[in-house]
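First comes one chain, alone, set out as structure tokens in the form predicted on its own.
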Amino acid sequence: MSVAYFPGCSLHGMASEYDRSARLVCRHLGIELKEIEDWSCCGATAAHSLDHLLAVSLSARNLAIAEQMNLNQVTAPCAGCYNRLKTASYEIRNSEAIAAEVEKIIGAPAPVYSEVTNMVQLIIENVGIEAVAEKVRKPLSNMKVACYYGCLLTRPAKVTGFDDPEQPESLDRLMQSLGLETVNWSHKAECCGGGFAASETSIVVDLGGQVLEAARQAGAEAVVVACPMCQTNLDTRQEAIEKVRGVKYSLPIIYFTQLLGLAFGYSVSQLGLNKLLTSPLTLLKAKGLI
């Protein structure tokens, strides 16, 4: 199957290992990702905080291009991009006035046919948990992970329509199919600080610290993410969090696609596991997984 792929700014930059592992895994599962031609920024927090119509139009432009490519299913690995694209689709479908304004701004028909999914959803709904399990060559057993959804994959529920907004379990089930043990914990859908990464780092240190502490108390040996912003906040700020809290966490923050790829038999370098700041390699070696 062919799906329109919106990498967004992060996956062509700081989260290149997420991009690399996502493409490998999808190809392995029979999903052809076709990058949206001449895609542009989804608007992210900067746009929707200032101008609602601008934010909708920025994402709508990308959805319109996907429809021009005859691809009506769009996936975005970044939770922020997914949320903005999904919101734009929702707004256009539910408001003729907004759809009309968007058409004027983007100079194309309003994209009303695009189905937007995040990558966890894409794999579960189009491949299935059982089919993923059948592809596993190297079970990732004897390792406990905390599946971290963050605040954008499942909210607002009326827009995303994906999983439970407070107690999601889709990523847990996907990781369990690889042989991993997922912990029950309190902060799986709490915010890590999101867009405050550069402007208000103290907020990230506080909220990210709460996430890491909850994962540690639940017995997790690593945190699994599906968002480059969450990965960056929890990984790059971990040293600062440790200094503030006086606790040594050393919790690798791993993209779920990297673990899928590892279970499918791909190497550390192919998946970019050696690129993460809080290295998972010692843990993976100790578990006999690499």
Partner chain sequence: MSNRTKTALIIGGGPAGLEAAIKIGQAGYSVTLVEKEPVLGGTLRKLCSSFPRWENPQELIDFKLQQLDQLPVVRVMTDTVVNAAERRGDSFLVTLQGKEGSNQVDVDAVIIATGFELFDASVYGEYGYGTYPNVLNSLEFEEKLKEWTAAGDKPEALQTVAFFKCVGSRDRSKGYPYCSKICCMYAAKQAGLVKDLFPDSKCYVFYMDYRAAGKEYEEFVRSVIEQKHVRYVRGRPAKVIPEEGRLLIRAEDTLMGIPIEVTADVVVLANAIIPSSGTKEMAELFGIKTGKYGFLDSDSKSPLQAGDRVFFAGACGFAVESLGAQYQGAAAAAEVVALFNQAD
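Residue numbers count along the first chain shown, from 1. Please read all numbers here as calculations on a predicted model, not as lab measurements.
A second form of this protein, the form predicted in complex with the partner chain, is not displayed here; the remarks below concern that form.
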Check: Taking the partner as it appears in the predicted complex, which of 187 to 195, 128 to 136, 173 to 181, 115 to 123 has residues with heavy atoms within 4.5 Å of the partner chain?
Finding: 187 to 195
Notebook entry, point to check: Which one of Q167, S141, N72, N94 is close to the partner chain in the predicted complex, taking close to mean a heavy atom within 4.5 Å?
Noted result: Q167
Next item on the list: Go through 211 to 230 residue by residue and record those having a heavy atom within 4.5 Å of the partner chain in the predicted complex; state none if no residue qualifies.
Entry: E213, R216, Q217
